[in-house]
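Have a look below at one chain only, the form predicted on its own, in structure tokens format.
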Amino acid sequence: MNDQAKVLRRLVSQQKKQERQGLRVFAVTSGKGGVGKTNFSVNLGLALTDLGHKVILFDGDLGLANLDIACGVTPRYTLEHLLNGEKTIEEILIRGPKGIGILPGGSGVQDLANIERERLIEVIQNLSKLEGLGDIVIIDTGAGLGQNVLNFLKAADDIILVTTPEPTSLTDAYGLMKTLQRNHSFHTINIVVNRVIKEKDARDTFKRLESAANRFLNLPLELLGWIYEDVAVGKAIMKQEPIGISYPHSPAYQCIQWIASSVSGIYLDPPKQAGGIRGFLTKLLRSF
């Protein structure tokens, strides 16, 4: 993998970067499953699309890839077809609601670590086309502390950690932050508290996480926002449609729209320079 990373860095240096902010990669994660991470990822993408961004959703859950189901679409091809040289990025990328881009990952991301150098160059050049197809990539990672999840988080420009006020969710979220702090240094982890009854629940939840992170991890957190408990979410899931399509005026989606405005601000005025898709791939390959 060291040789492959060298190839990638050489390719990056050979291609001139445009005089603009590069594509920015957000990784959405959670300490445990069942907190609404995938639905949040999809609807955040839709809300950012409404704000004028060109968004690409990347399914990074290698075990239970279900982002396409949440979007109500059925992909014919995945990243594996790109790695095998069967399809191009344009053929794999499908369009979901509001024209949002969807990149089905499956086990293809894991296979990236074992690809031959010659094929790696072609794959990187193909994936680099994402720079022209979008300006924000949202990676819906798997839940938990698996190595593939950590690789995505270390490679992304920004991390959004979704939790709920439940004690078990908070414990798992802290465990994820502890693992991240042990393996990598981060500027800030952005927190979204899902399924809250009132604003105080969200702020109290964040304070508990922030207090533990400051005391034991020296890890800065930022409260990105919260999402109210809403029956419309369950109804949208049963319809296999994002809530931003089925119930765009629901309290939950209005919260996500508010969060999207903050994310857009992070993107437009980031705390650190975005690495773009090439920078993301460089860091991802180094993690394998």
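This one's a predicted model, so the numbers in the text were calculated from it and none came from an experiment. Counting begins at 1, following the sequence as shown.
Just so it is clear, the following notes concern the form predicted in complex with a small molecule, a form of the same protein that is not shown.
Candidate site formed by 49, 133 and 260: none of these residues places a non-hydrogen atom within 4.5 angstroms of the small molecule in the model of the complex.
Stretch-level contact check against the small molecule in the model of the complex with heavy atoms at 4.5 Å: of 147 to 155, 206 to 214, 86 to 94, 193 to 201, the positive one is 193 to 201. Remark: residue 227 counts among the residues lining the small molecule in the model of the complex, judged by a heavy atom distance of 4.5 Å or less. Within this chain, residue 33 lines the site of the small molecule in the model of the complex, having a heavy atom no more than 4.5 Å away. The small molecule in the model of the complex is approached by residue 143, whose closest heavy atom lies within 4.5 angstroms of it. Using a 4.5 angstroms threshold between heavy atoms, residue 237 counts as touching the small molecule in the model of the complex.
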